[in-house]
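Same protein, same chain, two forms; see structure 1 and structure 2 below, as C-alpha coordinates.
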Structure 1
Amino acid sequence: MSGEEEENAAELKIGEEFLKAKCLMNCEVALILDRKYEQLQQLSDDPTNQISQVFEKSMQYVKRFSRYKNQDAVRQVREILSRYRLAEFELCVLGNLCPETVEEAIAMVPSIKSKGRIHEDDAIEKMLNDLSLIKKFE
(Lines of atoms letter the chains of each structure in order from A and count residues from 1; the text may use other names and numbers.)
(Lines give C-alpha, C1' and ligand atoms only; values in the text may rest on other atoms or scores of the structure.)
Protein backbone atom coordinates (compact mmCIF):
# COMPACT_ATOMS: atom_id res chain seq x y z
CA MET A 1 0.00 0.00 0.00
CA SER A 2 1.47 3.34 -0.95
CA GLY A 3 2.10 5.93 1.72
CA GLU A 4 -0.38 8.28 0.05
CA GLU A 5 -3.28 5.83 0.01
CA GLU A 6 -5.41 6.06 3.13
CA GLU A 7 -6.38 2.86 4.94
CA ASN A 8 -10.09 2.12 5.04
CA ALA A 9 -11.36 -1.24 6.31
CA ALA A 10 -14.82 -0.59 4.85
CA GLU A 11 -13.23 -0.78 1.40
CA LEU A 12 -10.67 -3.49 2.29
CA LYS A 13 -7.84 -0.99 2.14
CA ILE A 14 -6.00 -2.37 5.14
CA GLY A 15 -2.51 -2.90 3.86
CA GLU A 16 -1.02 -5.88 2.11
CA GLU A 17 0.37 -7.46 5.29
CA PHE A 18 -3.09 -7.53 6.88
CA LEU A 19 -4.81 -8.89 3.79
CA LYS A 20 -2.42 -11.85 3.80
CA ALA A 21 -2.38 -12.38 7.58
CA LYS A 22 -4.07 -15.40 9.14
CA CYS A 23 -6.61 -14.35 11.76
CA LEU A 24 -8.20 -16.50 14.42
CA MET A 25 -11.67 -16.21 15.89
CA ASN A 26 -11.98 -16.10 19.67
CA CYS A 27 -13.37 -19.64 19.67
CA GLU A 28 -10.29 -20.91 17.79
CA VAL A 29 -7.95 -19.19 20.24
CA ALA A 30 -9.94 -20.70 23.12
CA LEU A 31 -9.40 -24.20 21.73
CA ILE A 32 -5.66 -23.59 21.32
CA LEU A 33 -5.32 -22.17 24.83
CA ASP A 34 -7.37 -25.05 26.28
CA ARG A 35 -4.94 -27.57 24.77
CA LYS A 36 -1.96 -25.63 26.04
CA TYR A 37 -3.56 -25.37 29.49
CA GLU A 38 -4.01 -29.16 29.60
CA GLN A 39 -0.35 -29.62 28.67
CA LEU A 40 0.72 -27.18 31.36
CA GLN A 41 -1.46 -28.96 33.94
CA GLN A 42 0.27 -32.25 33.16
CA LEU A 43 3.60 -30.57 33.81
CA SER A 44 2.37 -28.75 36.92
CA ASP A 45 4.56 -30.86 39.20
CA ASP A 46 7.48 -28.88 37.85
CA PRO A 47 7.51 -25.46 39.60
CA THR A 48 9.09 -23.81 36.54
CA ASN A 49 5.96 -24.59 34.50
CA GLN A 50 3.53 -22.40 36.36
CA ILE A 51 0.64 -20.89 34.42
CA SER A 52 1.05 -17.14 34.10
CA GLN A 53 -1.65 -14.67 35.05
CA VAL A 54 -1.57 -13.27 31.50
CA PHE A 55 -2.27 -16.75 30.10
CA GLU A 56 -5.18 -17.27 32.51
CA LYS A 57 -6.68 -13.84 31.78
CA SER A 58 -6.33 -14.40 28.02
CA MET A 59 -8.05 -17.76 28.32
CA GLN A 60 -10.88 -16.27 30.38
CA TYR A 61 -11.35 -13.51 27.80
CA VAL A 62 -11.56 -15.73 24.73
CA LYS A 63 -13.84 -18.19 26.49
CA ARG A 64 -16.13 -15.40 27.60
CA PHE A 65 -16.43 -13.96 24.11
CA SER A 66 -16.42 -17.22 22.14
CA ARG A 67 -19.72 -17.80 20.40
CA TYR A 68 -18.97 -21.45 19.60
CA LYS A 69 -17.70 -23.89 22.18
CA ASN A 70 -17.04 -27.29 20.64
CA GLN A 71 -14.35 -28.10 18.12
CA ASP A 72 -16.72 -29.36 15.41
CA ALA A 73 -18.78 -26.17 15.54
CA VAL A 74 -15.64 -24.03 15.33
CA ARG A 75 -14.46 -25.97 12.28
CA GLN A 76 -17.88 -25.68 10.62
CA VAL A 77 -18.01 -21.91 11.20
CA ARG A 78 -14.65 -21.41 9.51
CA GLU A 79 -15.67 -23.69 6.62
CA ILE A 80 -18.95 -21.85 6.05
CA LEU A 81 -17.40 -18.40 6.20
CA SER A 82 -14.52 -19.50 3.96
CA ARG A 83 -16.98 -20.40 1.20
CA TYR A 84 -17.83 -16.72 0.81
CA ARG A 85 -14.26 -15.70 -0.03
CA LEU A 86 -14.06 -13.22 2.81
CA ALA A 87 -10.84 -11.57 3.88
CA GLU A 88 -9.48 -13.17 7.05
CA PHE A 89 -10.38 -10.23 9.25
CA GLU A 90 -13.94 -10.16 7.81
CA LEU A 91 -14.31 -13.85 8.56
CA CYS A 92 -13.15 -13.38 12.13
CA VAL A 93 -15.31 -10.33 12.82
CA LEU A 94 -18.41 -12.16 11.58
CA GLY A 95 -17.45 -15.34 13.45
CA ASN A 96 -16.79 -13.44 16.68
CA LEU A 97 -19.76 -11.07 16.65
CA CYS A 98 -22.39 -13.34 15.04
CA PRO A 99 -24.65 -10.71 13.51
CA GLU A 100 -28.27 -11.80 13.20
CA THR A 101 -29.35 -9.63 10.27
CA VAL A 102 -27.87 -8.53 6.98
CA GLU A 103 -27.96 -4.94 8.21
CA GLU A 104 -25.96 -5.85 11.32
CA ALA A 105 -23.41 -7.76 9.24
CA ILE A 106 -22.93 -4.83 6.87
CA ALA A 107 -22.68 -2.37 9.79
CA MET A 108 -19.98 -4.54 11.41
CA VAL A 109 -18.12 -5.35 8.18
CA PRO A 110 -19.02 -2.73 5.55
CA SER A 111 -16.46 -4.15 3.13
CA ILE A 112 -18.68 -7.19 2.42
CA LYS A 113 -20.91 -4.84 0.40
CA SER A 114 -18.22 -2.66 -1.18
CA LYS A 115 -18.24 -2.38 -4.95
CA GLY A 116 -16.58 -5.17 -6.81
CA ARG A 117 -17.55 -7.74 -4.16
CA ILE A 118 -20.12 -10.41 -5.00
CA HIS A 119 -21.89 -10.43 -1.66
CA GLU A 120 -25.54 -9.67 -2.30
CA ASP A 121 -28.00 -9.41 0.57
CA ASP A 122 -29.37 -12.89 -0.20
CA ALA A 123 -25.90 -14.45 0.02
CA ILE A 124 -25.17 -12.64 3.28
CA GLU A 125 -28.51 -13.77 4.71
CA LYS A 126 -27.79 -17.40 3.74
CA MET A 127 -24.38 -17.17 5.38
CA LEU A 128 -25.94 -15.80 8.60
CA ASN A 129 -28.63 -18.50 8.57
CA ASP A 130 -25.97 -21.20 8.19
CA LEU A 131 -24.09 -19.76 11.17
CA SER A 132 -27.23 -19.57 13.30
CA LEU A 133 -27.96 -23.25 12.58
CA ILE A 134 -24.55 -24.22 13.91
CA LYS A 135 -25.17 -22.20 17.06
CA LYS A 136 -28.64 -23.66 17.48
CA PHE A 137 -27.46 -27.29 17.23
CA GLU A 138 -24.21 -26.90 19.16
Structure 2
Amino acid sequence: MSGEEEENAAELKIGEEFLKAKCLMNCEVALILDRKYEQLQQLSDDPTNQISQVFEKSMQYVKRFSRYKNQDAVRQVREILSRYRLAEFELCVLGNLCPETVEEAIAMVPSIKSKGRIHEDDAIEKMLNDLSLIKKFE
Protein backbone atom coordinates (compact mmCIF):
# COMPACT_ATOMS: atom_id res chain seq x y z
CA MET A 1 0.00 0.00 0.00
CA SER A 2 1.43 3.41 -0.90
CA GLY A 3 0.90 4.71 2.63
CA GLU A 4 3.35 2.19 4.02
CA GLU A 5 5.92 2.80 1.29
CA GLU A 6 6.28 6.49 2.09
CA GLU A 7 6.29 5.88 5.81
CA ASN A 8 9.49 6.57 7.68
CA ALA A 9 9.47 7.14 11.41
CA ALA A 10 12.98 8.57 11.27
CA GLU A 11 11.64 11.52 9.33
CA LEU A 12 8.43 11.55 11.32
CA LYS A 13 6.67 10.50 8.13
CA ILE A 14 4.20 8.38 10.00
CA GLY A 15 0.49 7.94 9.51
CA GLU A 16 -2.01 10.59 10.55
CA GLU A 17 -3.20 8.38 13.34
CA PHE A 18 0.34 8.16 14.75
CA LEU A 19 0.82 11.91 14.63
CA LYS A 20 -2.49 12.77 16.22
CA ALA A 21 -2.70 9.97 18.75
CA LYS A 22 -1.76 10.21 22.37
CA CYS A 23 1.52 8.31 22.79
CA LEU A 24 2.78 6.78 26.00
CA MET A 25 6.29 5.89 27.11
CA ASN A 26 7.17 2.44 28.42
CA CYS A 27 7.34 3.72 32.00
CA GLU A 28 3.87 5.23 31.74
CA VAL A 29 2.47 2.03 30.23
CA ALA A 30 4.13 -0.03 32.99
CA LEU A 31 2.25 1.92 35.67
CA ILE A 32 -1.05 1.56 33.80
CA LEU A 33 -0.69 -2.17 33.12
CA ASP A 34 0.29 -2.88 36.72
CA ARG A 35 -2.87 -1.17 37.95
CA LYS A 36 -4.97 -2.93 35.30
CA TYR A 37 -3.56 -6.29 36.26
CA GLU A 38 -4.54 -5.78 39.89
CA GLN A 39 -8.00 -4.57 38.90
CA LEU A 40 -8.55 -7.58 36.68
CA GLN A 41 -7.59 -9.96 39.48
CA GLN A 42 -10.29 -8.33 41.60
CA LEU A 43 -12.91 -8.02 38.88
CA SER A 44 -13.16 -11.70 38.16
CA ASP A 45 -12.27 -15.00 39.81
CA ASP A 46 -10.67 -16.19 36.64
CA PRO A 47 -9.25 -13.27 34.71
CA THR A 48 -7.44 -15.43 32.15
CA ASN A 49 -10.06 -14.62 29.53
CA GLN A 50 -9.50 -10.92 29.95
CA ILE A 51 -5.70 -10.98 30.10
CA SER A 52 -4.30 -11.77 26.68
CA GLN A 53 -0.81 -12.83 25.71
CA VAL A 54 -0.47 -9.37 24.17
CA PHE A 55 -1.17 -7.84 27.60
CA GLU A 56 1.30 -10.12 29.38
CA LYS A 57 4.08 -9.71 26.85
CA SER A 58 3.58 -5.96 26.74
CA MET A 59 3.66 -5.75 30.52
CA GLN A 60 6.84 -7.83 30.77
CA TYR A 61 8.41 -5.68 28.08
CA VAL A 62 7.58 -2.26 29.51
CA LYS A 63 8.62 -3.26 33.00
CA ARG A 64 11.93 -4.45 31.68
CA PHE A 65 12.56 -1.44 29.46
CA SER A 66 11.38 1.33 31.76
CA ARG A 67 14.15 3.59 32.87
CA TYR A 68 11.99 5.30 35.46
CA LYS A 69 9.94 3.33 37.94
CA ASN A 70 8.08 5.56 40.30
CA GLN A 71 5.10 7.70 39.42
CA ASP A 72 6.67 11.07 40.28
CA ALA A 73 9.78 10.41 38.23
CA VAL A 74 7.62 9.31 35.30
CA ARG A 75 5.59 12.51 35.55
CA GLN A 76 8.75 14.59 35.63
CA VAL A 77 10.12 12.91 32.54
CA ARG A 78 6.93 13.73 30.63
CA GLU A 79 7.02 17.26 31.98
CA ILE A 80 10.64 17.88 30.98
CA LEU A 81 10.26 16.42 27.50
CA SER A 82 7.07 18.40 26.95
CA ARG A 83 8.99 21.66 27.29
CA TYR A 84 10.70 21.00 23.99
CA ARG A 85 8.76 21.21 20.76
CA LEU A 86 8.52 17.49 20.09
CA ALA A 87 5.86 15.38 18.47
CA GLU A 88 4.30 12.87 20.88
CA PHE A 89 5.97 10.06 18.95
CA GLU A 90 9.44 11.65 19.28
CA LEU A 91 8.90 12.35 22.97
CA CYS A 92 8.15 8.71 23.63
CA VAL A 93 11.09 7.35 21.68
CA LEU A 94 13.43 9.67 23.61
CA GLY A 95 11.84 8.82 26.94
CA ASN A 96 12.15 5.12 26.15
CA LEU A 97 15.63 4.90 24.72
CA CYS A 98 17.20 7.53 27.04
CA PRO A 99 20.09 8.50 24.75
CA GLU A 100 23.16 9.65 26.62
CA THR A 101 24.65 11.98 24.06
CA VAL A 102 23.29 14.49 21.56
CA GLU A 103 24.71 12.31 18.81
CA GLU A 104 22.83 9.28 20.04
CA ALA A 105 19.61 11.28 20.43
CA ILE A 106 19.81 12.41 16.82
CA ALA A 107 20.54 8.85 15.67
CA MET A 108 17.49 7.56 17.55
CA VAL A 109 15.14 10.35 16.50
CA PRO A 110 16.61 11.96 13.36
CA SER A 111 13.49 14.04 12.87
CA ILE A 112 14.37 16.33 15.78
CA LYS A 113 17.05 17.85 13.57
CA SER A 114 15.24 17.77 10.29
CA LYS A 115 12.27 19.50 8.72
CA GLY A 116 13.61 22.94 9.55
CA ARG A 117 12.98 22.45 13.24
CA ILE A 118 14.93 24.61 15.58
CA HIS A 119 16.46 22.05 17.92
CA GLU A 120 19.97 23.24 18.62
CA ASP A 121 22.47 20.79 19.99
CA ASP A 122 22.62 22.86 23.18
CA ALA A 123 18.92 22.48 23.77
CA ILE A 124 19.12 18.74 23.14
CA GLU A 125 22.05 18.44 25.53
CA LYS A 126 20.20 20.31 28.25
CA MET A 127 17.19 18.05 27.76
CA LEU A 128 19.32 14.92 28.13
CA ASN A 129 21.01 16.31 31.23
CA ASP A 130 17.68 17.12 32.85
CA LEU A 131 16.51 13.57 32.14
CA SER A 132 19.59 11.98 33.62
CA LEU A 133 19.16 14.04 36.79
CA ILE A 134 15.77 12.45 37.40
CA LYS A 135 17.39 9.03 37.21
CA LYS A 136 19.97 10.02 39.82
CA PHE A 137 17.39 11.13 42.30
CA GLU A 138 14.74 8.50 41.72
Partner chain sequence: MVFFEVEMQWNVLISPTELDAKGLLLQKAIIVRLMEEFASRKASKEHGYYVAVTSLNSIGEGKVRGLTGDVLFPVTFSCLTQKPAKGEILQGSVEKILKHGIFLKSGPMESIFLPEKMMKDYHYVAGENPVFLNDKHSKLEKDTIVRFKVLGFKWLEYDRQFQLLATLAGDFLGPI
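All values derive from a computational prediction rather than experimental measurement. C-alpha atoms forming the largest set that superposes within 1.5 Å between two forms make up the rigid core. Sequence positions of structure 1, starting at 1, serve as the residue numbers.
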| property | result |
| --- | --- |
| Number of the structure representing the form predicted alone | 1 |
| Rigid core superposed: residue 126 CA moves 2 Å or more between structures 1 and 2 | no |
| C-alpha of residue 14 moved at least 2 Å between structures 1 and 2 on rigid core | yes |
| Yes/no, residue 65 Cα shift of 2 Å or more between structures 1 and 2 with rigid core fixed | no |
| Backbone CA shift between structures 1 and 2, residue 55, after core fitting (angstrom) | 2.4 |
